[in-house]
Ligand SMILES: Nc1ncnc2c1ncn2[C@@H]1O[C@H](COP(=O)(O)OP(=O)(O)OP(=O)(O)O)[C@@H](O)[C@H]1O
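Before any questions on how it binds or moves, here is one chain, the form predicted alone, in structure tokens.
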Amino acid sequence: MIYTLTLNPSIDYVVHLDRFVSGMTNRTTDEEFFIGGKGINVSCILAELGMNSTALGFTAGFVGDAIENGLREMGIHADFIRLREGISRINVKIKAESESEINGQGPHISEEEFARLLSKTDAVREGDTIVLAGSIPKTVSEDAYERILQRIEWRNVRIVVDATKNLLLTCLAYRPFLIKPNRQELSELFGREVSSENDIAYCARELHKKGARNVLVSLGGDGAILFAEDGNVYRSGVVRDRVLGTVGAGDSMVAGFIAGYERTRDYAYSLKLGAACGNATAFSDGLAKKEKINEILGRL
């Protein structure tokens, strides 16, 4: 089984305007609603690829109901902790002459409720995959990911971490199967600009030394590079198309890689499917559908 963790999921309310005027009543030309959260995005793309997953995390209030019902409608098993107070986040995305975002904080998560989440991870078994994706809400301790990994440390679980800065670094001691930094995140991790492939290779080697088994570096329009634990370096092809948005593209790449590896245990194919999913989302309104993924896969 594949488990995805989203500690602070949301409903993203996307509003389209011809023009946004501050201080005035603005009327939309179009509106969209998406279930948001990095781990949830991974589950959604896995479902498009015909892979089952269980989405873990926290939900609250009527927004939490909408999140869980929406996932079930997509065939995704939602096993969230229901919080007693507050509501899950609503994030407002304004698309007019430029794009702006107003992101909610999310509900308070108590230590007791986090302990309930830890108990749910006891269902994770040898051979399963768990994806820890995104930032940690401010009401949860900074060592939240470490506590989860400590709980499952001796079960031979494939750990995937898509996080930034110290949140990622502290997970490396648990030898994650896959991490997926981009070029900017590598620059932040190493405190210097990372631009050339030599720079990227150096960073990947250092992350290997710290414990990462496979380092997948997404490069946007330049494709992606996988520094694999078998000692080989794999590069994805590049597809040119109209980019409609990059939100969720990295999560889609992670989902594609996981699905590819689950099916074939082949790093080259896993990278190719990951790149296809990431590109397909960038070329779609919202997360990619399987038809778009298959189209891009055929072009890589």
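Throughout, we count residues from 1 along the sequence that is shown. Fair warning: this is a prediction, and the values are worked out from it, not measured in the lab.
Only in words, not in the display: the form predicted together with the ligand, which the text now covers.
**Student:** Identify whether the ligand in the predicted bound form is within 4.5 Å of every residue in the set 121, 150 and 176, based on non-hydrogen atoms.
**Tutor:** Checking in the predicted bound form: none of 121, 150 and 176 is within 4.5 Å of the ligand.
**Student:** With a cut-off of 4.5 Å between heavy atoms, is residue 238 one of the residues that contacts the ligand in the predicted bound form?
**Tutor:** Answer yes; at least one heavy atom of residue 238 falls within 4.5 Å of the ligand in the predicted bound form.
**Student:** Look up in the predicted bound form whether residue 182 has a non-hydrogen atom within 4.5 angstroms of the ligand, and give yes or no.
**Tutor:** Yes, residue 182 lies within 4.5 Å of the ligand in the predicted bound form.
**Student:** Is residue 264 a contact residue for the ligand in the predicted bound form, using a 4.5 Å heavy atom cut-off?
**Tutor:** Output for residue 264 is no: heavy atoms all beyond 4.5 Å of the ligand.
**Student:** Taking the ligand as it sits in the predicted bound form, is residue 243 near enough to touch it, meaning that at least one heavy atom pair lies within 4.5 angstroms?
**Tutor:** Although the ligand is absent here, residue 243 would touch it in the predicted bound form, with heavy atoms inside 4.5 Å.
**Student:** Can you pick the stretch from 67-75, 214-222, 122-130, 83-91 whose heavy atoms fall within 4.5 Å of the ligand in the predicted bound form?
**Tutor:** After filtering at 4.5 Å, what remains is 214-222.
**Student:** Could you check which residue among 275, 258, 42, 35 gets a heavy atom within 4.5 Å of the ligand in the predicted bound form?
**Tutor:** Flagged contact: 275.
**Student:** Just to be sure I understand the contacts: of 249, 60, 46, 56, which is the one whose heavy atoms reach within 4.5 angstroms of the ligand in the predicted bound form?
**Tutor:** Exactly one listed residue reaches within 4.5 Å, namely 249.
**Student:** Suppose contact means any heavy atom within 4.5 Å; which members of 278-300 contact the ligand in the predicted bound form?
**Tutor:** Those in contact are 278, 279, 282, 283.
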